[in-house]
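Form predicted alone, single chain, as structure tokens, below.
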């Protein structure tokens, strides 16, 4: 590998390391020389980090460094996990992820119960949802959708990687137990 190509890898490595969000191939292309192929640079960087403590992974439409999967459980003992969302917020987030964009009234219709403003605020504060526009209906309600941070937090490249909704349903309790 030439010194120039090593420089491309170092530049890509620095960008991915410094970015709080996944780095897209397009963004990487903007900082690399014209003759550099961002895809090839990413693959070379991925190879360089394979099997190390951190690895380059696809997430949220780009790439980012993540703790190697085999080490993550050991780190959980010493690194505080982010605050967990309440069940109602997770349920609301799942509805938004699978049906986006949708309004608060549509979320309430799917859930079958009213949605508190605190639930939406918790999802907004966690940067998991964002406004996606307004419905062309009376009152022009805001529609909601997931963010890149949602994809990143759940380790998804894009929404097509969501599991089928039927895989998320809990099995009904066994009847006649006792």
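Residue numbers count along the first chain shown, from 1. Everything numeric in this text was worked out from a predicted model, so none of it was measured.
Below, we turn to the form predicted in complex with another copy of the chain, even though it does not appear here.
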query: Partner proximity in the model of the complex: residue 134 to another copy of the chain, non-hydrogen atom cutoff 4.5 Å; finding: no
query: Residue 48: touches another copy of the chain in the model of the complex, heavy atom cutoff 4.5 angstroms; finding: yes
query: Proximity of residue 139 to another copy of the chain in the model of the complex, heavy atoms at 4.5 Å; finding: no
query: Residue 67, heavy atom within 4.5 angstroms of another copy of the chain in the model of the complex; finding: yes
query: In the model of the complex: members of 25-60 within 4.5 Å of another copy of the chain, any heavy atom; finding: 30, 31, 48, 49, 51, 52, 53, 54
